[in-house]
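So this first bit is one chain, no partners, the form predicted on its own, shown in structure tokens.
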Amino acid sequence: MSVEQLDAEKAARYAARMARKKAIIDKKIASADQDTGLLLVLTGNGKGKSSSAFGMVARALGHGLNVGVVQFIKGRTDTGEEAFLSKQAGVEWHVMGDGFTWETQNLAQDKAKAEAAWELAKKMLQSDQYDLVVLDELTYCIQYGFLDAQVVRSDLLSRPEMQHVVVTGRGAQPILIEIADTVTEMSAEKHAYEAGIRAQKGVEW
């Protein structure tokens, strides 16, 4: 068999394989005929949970949707995403934390901050004005007992039917995973910080 014949046979097998794959995917797409608000949980020890959530903020804005963001732990207001996205029409952005819990070392203060942040989040979850709500690093507030997990669950489930919510943070609790529509766990294979490289502007913040 000539090289040309081998190439033609290979191309034919490839085309047949892709046709079978397309049929399977098209069938799955056709069966997904529901429209509803989604709860997405981005968790795990890997980098990129908040970055992914803010990517969805940009995507939502591109479709003309209204977005609410509440940051539960982060206290700095000089991050690139906050500097850019918070100034866009259709975005309400609240930086509510005092920084990482090991920085504050004040349980009462951290709990009070989390409760104040949840009051803001709850108002967003009760309003159909927000098409997408990002609850950045919410998992830590449940993990440390700053917020009642059952209250969080109830408020998330009571939101408007078409409202999407993204929750980020390590160690997402089963109570969140159970009610989520999509859960993504990001794993950490390697990080520049381990090699002594400090956080870089535009990449880490």
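This is a predicted model, so every value here is computed, not measured. The first residue of the sequence shown is number 1, and the count goes up from there.
Quick note: we don't show the form predicted in complex with another copy of the chain, though the next part is all about it.
The shortest heavy atom separation between E119 and another copy of the chain in the predicted complex exceeds 4.5 Å. In the predicted complex, another copy of the chain sits within 4.5 Å of a heavy atom belonging to L65. In the predicted complex, another copy of the chain sits beyond 4.5 Å of every heavy atom of R159. Within 4.5 Å of some heavy atom of another copy of the chain in the predicted complex lies at least one heavy atom of N106. Contacts to another copy of the chain in the predicted complex (heavy atom within 4.5 Å) from stretch 183-202: V183, T184, E185, M186, S187, A188, E189, K190, H191, A192, Y193, E194, A195, G196, I197, R198, Q200, K201, G202.
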